[in-house]
Every structure is written in structure tokens, then in C-alpha cells.
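Starting off, we have a lone chain in the form predicted alone, written out as C-alpha cells.
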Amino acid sequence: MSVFLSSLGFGIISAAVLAIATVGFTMQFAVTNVLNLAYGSVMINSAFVTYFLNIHGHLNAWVALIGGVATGSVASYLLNRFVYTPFQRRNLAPITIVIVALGVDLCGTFGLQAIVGGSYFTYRQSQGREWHFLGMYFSTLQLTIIAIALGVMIAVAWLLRYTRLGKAMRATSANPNLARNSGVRTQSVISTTWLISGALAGLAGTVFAMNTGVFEATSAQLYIVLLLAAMFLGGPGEPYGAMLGAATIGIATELSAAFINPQYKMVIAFVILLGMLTFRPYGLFGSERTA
């Protein structure tokens, strides 16, 4: 039982990090219909900006995190503005955008590795005291990350449900042509979506690096598998589904690491992804329209 509870604790913190990343990832897909496979690259580059501000700029890691969030936001906006949008305007096949995104991911990740090298890095930051809850163990840092994730989920839910921007985002996601004809400035909505989702990528990348303790340029290379599994489990383009999908994948992968083999974590996520695509490709919260 202690192994189960310990693994469950690891699963909860993994789910918190994954939830932040998946919500931003699925928001991009919902509003722009772009499967941004370069999301992991944006995450790890943002984490390194936070690192350099923390180590070389002598800023507290939580203050330096602002730089990582800003980096993710600006990088995602520029990525959409100068890479994805020009390809979309040419009415190319969707697979073309996916290949372009994959190329951007490889350039971003291994370009970063060429700059920082293959060494491992860590923030100058304390984990804080250890807290015990029902047989689970959390550091102060991990509890802070969980609190941030819950705050992000509440903020995104409020944004989508109660603000004009959220309503415009939902309208653009449902039918961009109809939204445009109804007076919604869809291009502005899309740009704002990339800024917000990019900020979430930057935040996710930094807390991911904080949680792992040590990281390198390629640490988020396979994170896209977890993002895809969480997104398709909850429903493509469904932010609320992304939250549930992230919780499920985060906990399932950590439990599998404890009871099967730690090396199979990504395999478990991929199996869940394949199963969902096979039996319900539109996810738990999605509809056939979103598949």
C-alpha cells in the first residue's frame, strides 16, 4: 500500500505539470487547428531562459519564471505568425503543418543543445520541507506547483466561460467562418490564443524542470507523447477534457513506473493514446465533430 500511495503522490505532481502543458496545447489546437508538435521545444527553451535568469541573473527561481513564461508566449506567437500561418494560407494538407511543426521541434531542441551542450542543469532553489498526507510525500516546491496548476485550471475555466475573449475563442473554435461573419475578429483571437497558450508552455516547461530537479536540452523531447495522450483522452480541442486527461495520464504513468517498469512510462501513455484513438477518437469530452 505504501508503494501505491507513494506512486500516487508522484502521479499527482506529474499530473499537475502535465495539466498546465496540456491545456495550452489543446487551446492551440482548438482555436487554430494546428497540432503544434514543437510545444515541447518551446517548453524546454523557456525552462532554460528561467535557468539563465536564475543562475546568471541571480534572480530567485520564482521571479525568473516570469522570463520563462514571457519567452514561451512570445516564441509561440512568432511561431504562429511567421511559420504556421503562411502555410495555412496556402491551403496545404494538414499533414504538411504537422511535418513543419516536427521540423521546428527538432530545430528548437537540438539547436538549444548545440548552444548549452549535453550537460545537466539544475535551478538554484530549495525543495523546502517535506509534508506527509495519507501516506503520500510532497515537498513545499511540489505543493506550490500543484497550487499553481489548480490556479491555472480555475483561471482558464473562468476565461472560457465568463469573458468576451473566452466566448470569442469558443466561437472561433466551433466555426471560424461563422464567427468572422458575426463580427468576431478571429485573427486577433487566434494571436491572443497563441500568446496565452505559449505562456502556459513557458510555465509548464519551468515547473517541469523544477520538479525533475535536473534537466537537459532534450528533456522534453518525448513529452509530446504525454501531451497527445492527455489531449486525445479528454477530447481534441476540449480544455476541460485536457484537465481530466492530464490527471489520468499523469497518475497512470507513475503507477506503471512503480508496478511495471520506470522505462515503460511513455509506453503506457502511448498505449492509452492508441486505445483512445481506436475506440473513441473524439475523446471522453469531445464529439465526432472534433475527431
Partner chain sequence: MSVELSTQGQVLSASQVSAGYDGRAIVHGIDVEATPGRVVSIVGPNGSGKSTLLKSLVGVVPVLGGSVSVGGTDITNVPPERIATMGVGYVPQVDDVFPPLTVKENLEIGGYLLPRHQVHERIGAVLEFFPRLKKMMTRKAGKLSGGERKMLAMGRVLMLSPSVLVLDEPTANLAPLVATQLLEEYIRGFADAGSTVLLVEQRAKAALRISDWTLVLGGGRVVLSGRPDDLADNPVFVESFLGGGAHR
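In this text, all values refer to a predicted model and were calculated from it rather than measured experimentally. Positions refer to the first chain, counted from 1.
The same protein has a further form, the form predicted in complex with its partner chain, not shown here; the description that follows concerns it.
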### Message
I need to confirm a contact call. Of 92, 174, 148, 83, which residue comes within 4.5 Å of its partner chain in the model of the complex, counting heavy atoms only?
### Response
174
### Summary
Residue within 4.5 Å of its partner chain in the model of the complex by heavy atom, from 184, 112, 74, 143, is 184
### Task
May I ask you to check whether residue 154 falls inside a 4.5 Å heavy atom distance of its partner chain in the model of the complex?
no
### Query
Just to confirm, residue 78 within 4.5 Å of its partner chain in the model of the complex by heavy atoms?
no
#### Entry: Contact label in the model of the complex: residue 190 to its partner chain, heavy atom within 4.5 Å
no
### Contact label in the model of the complex: residue 179 to its partner chain, heavy atom within 4.5 Å
yes
